[in-house]
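Starting off, we have a lone chain in the form predicted on its own, written out as structure tokens.
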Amino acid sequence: MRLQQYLARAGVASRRGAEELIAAGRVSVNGEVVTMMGVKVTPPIDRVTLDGLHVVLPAVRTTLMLNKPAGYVTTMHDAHGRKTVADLLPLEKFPGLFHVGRLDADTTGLILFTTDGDLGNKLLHPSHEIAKGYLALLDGSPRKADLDKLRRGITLQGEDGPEKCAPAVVEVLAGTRRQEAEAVLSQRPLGTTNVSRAGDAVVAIEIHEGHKRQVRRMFEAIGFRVRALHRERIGMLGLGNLRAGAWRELTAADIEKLFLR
């Protein structure tokens, strides 16, 4: 198999991330540094190392979901000593886990971790148009005309140029649905707190891309700051009763739901 595929299956990174590691000269095969793509390896005959450490394929591929609390950065290691999502995971039981995508430190909710690089690559690749559903508390209340801009598709200005967003599904929540969403956004039981203020809107939004801070930037583009943000599902897989800070292992049926719309 190709070296980048081997690294991905070993849980080192997604296929794209593995290519970056190779290009950076951090990967060796049988003691020789490899920087070119397309090199093939035969496990277990060939010895692959990353930064001098032996990389082996796991016997079983594992995927976890985490209900990320606020205040944790999405990285497996942090040089600044901040709390990371890795602090919440059983890495000693499942070595080789890496996060599939990111959530901002202040964003809560569903994030996936896997040792299956092929799955991670499939979930991240834009061609698969994986749906991601969020709840957002806005600073103010947008009009229908404002939300229609998101429903038609909006272009954001990114660090490397324009980033086109596909039409989003956006709904302003009211009544019981709003109360339930507020409880989720506040990370407290239903009825114990009211995180919104008079005139603020709570909305549900579904997107298909994974641009950096995309949901926050989409609402900023139509003039509204996001005060709280929570990812409630990927595809048709939701968190269920998983409490904030807890994780669980996904089943084969769960993984199928990730690709449903």
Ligand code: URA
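Everything numeric here is computed off the predicted structure, so don't read it as measured data. Start at 1 with the first residue shown and count on from there.
Another form, the form predicted together with this ligand, is not on view; read the next lines as being about it.
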- Message: Even though the partner isn't displayed, in the predicted bound form is Q214 close enough to this ligand, meaning a heavy atom within 4.5 Å?
- Response: yes
- Message: Taking this ligand as it sits in the predicted bound form, is Y134 near enough to touch it, meaning that at least one heavy atom pair lies within 4.5 angstroms?
- Response: yes
- Query: Hey, in the predicted bound form, does L64 get a heavy atom within 4.5 angstroms of this ligand?
  - Reply: no
- Evaluate N121 for contact with this ligand in the predicted bound form, applying a 4.5 angstroms cut-off between non-hydrogen atoms, and reply yes or no. no
- Note on the structure: None of D139, E171, D87, D104 but one has a heavy atom within 4.5 Å of this ligand in the predicted bound form; the exception is D104
- Task: State the residue from I234, V48, A201, L229 whose non-hydrogen atoms include one within 4.5 Å of this ligand in the predicted bound form.
- Result: L229
- Answer range among 78 to 86, 143 to 151, 121 to 129, 104 to 112 for contact with this ligand, defined in the predicted bound form as heavy atoms within 4.5 Å: 104 to 112
